[in-house]
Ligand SMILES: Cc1cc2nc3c(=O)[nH]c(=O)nc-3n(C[C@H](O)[C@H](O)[C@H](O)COP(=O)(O)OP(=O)(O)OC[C@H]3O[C@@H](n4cnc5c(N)ncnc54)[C@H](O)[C@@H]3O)c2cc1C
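Have a look below at one chain only, the form predicted on its own, in structure tokens format.
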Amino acid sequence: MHLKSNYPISSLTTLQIGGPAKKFVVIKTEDELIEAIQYAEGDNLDFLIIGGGSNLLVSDQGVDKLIIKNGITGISTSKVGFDSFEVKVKSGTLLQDLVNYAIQYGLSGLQKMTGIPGTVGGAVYGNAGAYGQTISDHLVEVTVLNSSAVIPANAGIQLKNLLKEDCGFAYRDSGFKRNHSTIIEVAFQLENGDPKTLQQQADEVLKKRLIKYPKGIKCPGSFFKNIVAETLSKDILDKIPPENIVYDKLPAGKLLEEVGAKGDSLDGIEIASYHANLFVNKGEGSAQAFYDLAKKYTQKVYEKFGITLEPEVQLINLPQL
């Protein structure tokens, strides 16, 4: 295990923002993960496991923790029915690698996830999705580290399997956000599909994504969650044109646009002129500026619509909006 001290978190995140981590390590195996957790426990140090760093806003002060970067990768497939297959994926595998794999082998159900950055573990943690398709749609089981059992030295690897219904999935949410279980492996059941058709669907989605998220953009994706329409009161829904409801969701970007967010900026952080829910680091922006700009528009949306926007991005060592 190669620990590093005072490691710049900005080098680990899509936003390229974040102060130093007290300790940092990259792990490639379950054994290395156990060793890292045992080290943190032995040193009375909190730890945080990250994937691709694509959905994190970390404070400028950094974190007094051990940051563990998950590099446990691998994909395997077995047939479970006449035209269905179980695909098992290690949590540190890039989501794009899984999407490409599924398309190559003619396995349908993940193709619209193309272009979403980060790892499979991170995608499951946040129940990521796009264009009506969600990572949990075809998920059947998640293997997690039973950390309470493995912390004692020499305890060995002890894993626990959770069925989909035990994972607490909801729109851009999962029980992992609250129980902080460490995701090790994810199993999906996928049906046969035509590789050419799946690739065409993926290409159409990617074309749309690249308009919204050009290559190299320092952006964590949509900052705020869209709002599930059925959770809104009739009084609020009456204020919203029906055409603004997409896939049974009210896009946060529509609300932000209504309160003037497009094109606003603060100290190097800018809201895209073409989409009000994209907050971009234009160069040397800080976490504080990012947070302050988001807070400003959280308040404006609440004042106008009575809706409290929730961040889709994880705020690390920052107060809740």
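Because the structure is predicted, anything quoted here is derived from the model rather than measured. Sequential numbering from 1, following the sequence displayed.
There is another form of this protein, the form predicted together with this ligand, and it is not shown here; the text below is about that form.
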- request: Only one of V140, I75, I236, A130 comes within 4.5 Å of this ligand in the predicted complex by heavy atoms, so just point that one out.
  value: A130
message: If the cut-off is 4.5 angstroms on heavy atoms, which of these, G253, G62, G52, G285, is the one near this ligand in the predicted complex?
response: G52
query: Based on heavy atom distances of at most 4.5 Å to this ligand in the predicted complex, which listed stretch, 162 to 170, 81 to 89, 189 to 197, 212 to 220, is the contact stretch?
result: 212 to 220
- prompt: Check F224, A294 and L318: does every one of them have a heavy atom within 4.5 Å of this ligand in the predicted complex?
  reply: no
field: Contact label in the predicted complex: A123 to this ligand, heavy atom within 4.5 Å
entry: yes
field: Partner contact for L110 in the predicted complex: this ligand, 4.5 angstroms, heavy atom
entry: no
field: Interface membership of I116, this ligand in the predicted complex, 4.5 Å heavy atom rule
entry: yes
query: Is there a non-hydrogen atom of L48 within 4.5 angstroms of a non-hydrogen atom of this ligand in the predicted complex?
result: yes
- prompt: Can you name the residues of 175 to 208 that have a non-hydrogen atom within 4.5 angstroms of this ligand in the predicted complex?
  reply: S181, T182, I183
